[in-house]
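Consider the single chain below, provided in structure tokens and representing the form predicted on its own.
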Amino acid sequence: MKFRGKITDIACLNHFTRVVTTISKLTKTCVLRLTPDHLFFILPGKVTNGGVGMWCQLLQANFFQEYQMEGVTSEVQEICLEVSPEPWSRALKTVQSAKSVKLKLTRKHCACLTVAAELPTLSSVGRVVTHDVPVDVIPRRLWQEFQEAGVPDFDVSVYLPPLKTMKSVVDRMKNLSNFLVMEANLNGDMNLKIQTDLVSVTTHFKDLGNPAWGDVSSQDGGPSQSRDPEVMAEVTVDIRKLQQFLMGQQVNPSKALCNIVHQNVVHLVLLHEDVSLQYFIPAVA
């Protein structure tokens, strides 16, 4: 079981650091699943039990100039590790000016993800800084928990408004209530609402647009064509979980969308050309 990757392009290093930092804002621990072609950051949250879930997929060729891995066996070319993304993010942030950065699975006092950075120097003697981030190797018998959840059978899918705007709205609403209603329809409308005994506040977003799968039949997870486009699907969520998602976002997605399963779950998706991030927020009981 081996893993070694090398990044020599500064733009790739910056982008990879932003992804890891985003993950660190969403969870204290997660599963890092390594395959020959992809890296996955997974939070197998039990949405049915009130926990959030996350699935982030990266194509390794878009980040690493060198990438080698050997799985647990010659037939099973995968490695699953439990990692704490925050110290990994910290380590990557300190080596942004490096000539190259190597990431490798090592065994020191325990299993570690080692970040080894070759820093620029004026002398002929090279400088290498290493950071060891402890990890736990997850046995194969537990791997079934780390498969992609898939797109839920949602009622409405809608593009999100600019995330900075949405974050500003949610930050203000958080001062008024712990719970927020997200609702949207097939006309591209989305509302964020809070309601307490003292105050009722609604922010309206119009003409956001609906992804193409929102206009096809539900066989691929999309809503039925027979659904009235004016009817709202809604979910009441813990506003802190939504705020955490918006605060941590550093991926700068080309597309951001929201799938709503009425009164059940919000499925948020950020799409970049080489990163996809899915985040599941369950309805409050």
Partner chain sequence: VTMNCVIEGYSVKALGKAIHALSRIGNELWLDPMVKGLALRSVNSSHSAYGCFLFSPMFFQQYSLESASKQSSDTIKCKLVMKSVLPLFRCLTSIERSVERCHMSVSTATDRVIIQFFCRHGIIKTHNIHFQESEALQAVFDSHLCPNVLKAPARLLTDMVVHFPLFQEEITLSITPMKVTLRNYQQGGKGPMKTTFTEMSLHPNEFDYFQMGLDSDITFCLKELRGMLSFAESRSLPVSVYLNAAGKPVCFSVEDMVLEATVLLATVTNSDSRDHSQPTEPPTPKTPREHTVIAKL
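Positions refer to the first chain, counted from 1. Everything quoted here is computed from the prediction, not taken from an experiment.
Form predicted together with the partner chain: not shown, discussed below.
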Contact residue in the predicted complex, from 136, 153, 171, 145 (heavy atom within 4.5 Å of the partner chain): 136
State the residue from 119, 201, 176, 76 whose non-hydrogen atoms include one within 4.5 Å of the partner chain in the predicted complex. 119
Using a 4.5 Å heavy atom cut-off, which of 153 to 161, 203 to 211, 177 to 185, 85 to 93 contacts the partner chain in the predicted complex? 85 to 93
Just to confirm, residue 195 within 4.5 Å of the partner chain in the predicted complex by heavy atoms? no
Does any heavy atom of residue 165 come within 4.5 Å of a heavy atom of the partner chain in the predicted complex? no
Considering non-hydrogen atoms and a 4.5 Å limit, does the partner chain approach residue 99 in the predicted complex? no
Do residue 140 and the partner chain come within 4.5 Å of each other in the predicted complex, heavy atoms counted? no
Taking the partner chain as it sits in the predicted complex, which residues of 171 to 194 have a non-hydrogen atom within 4.5 Å of it? Please list them. none
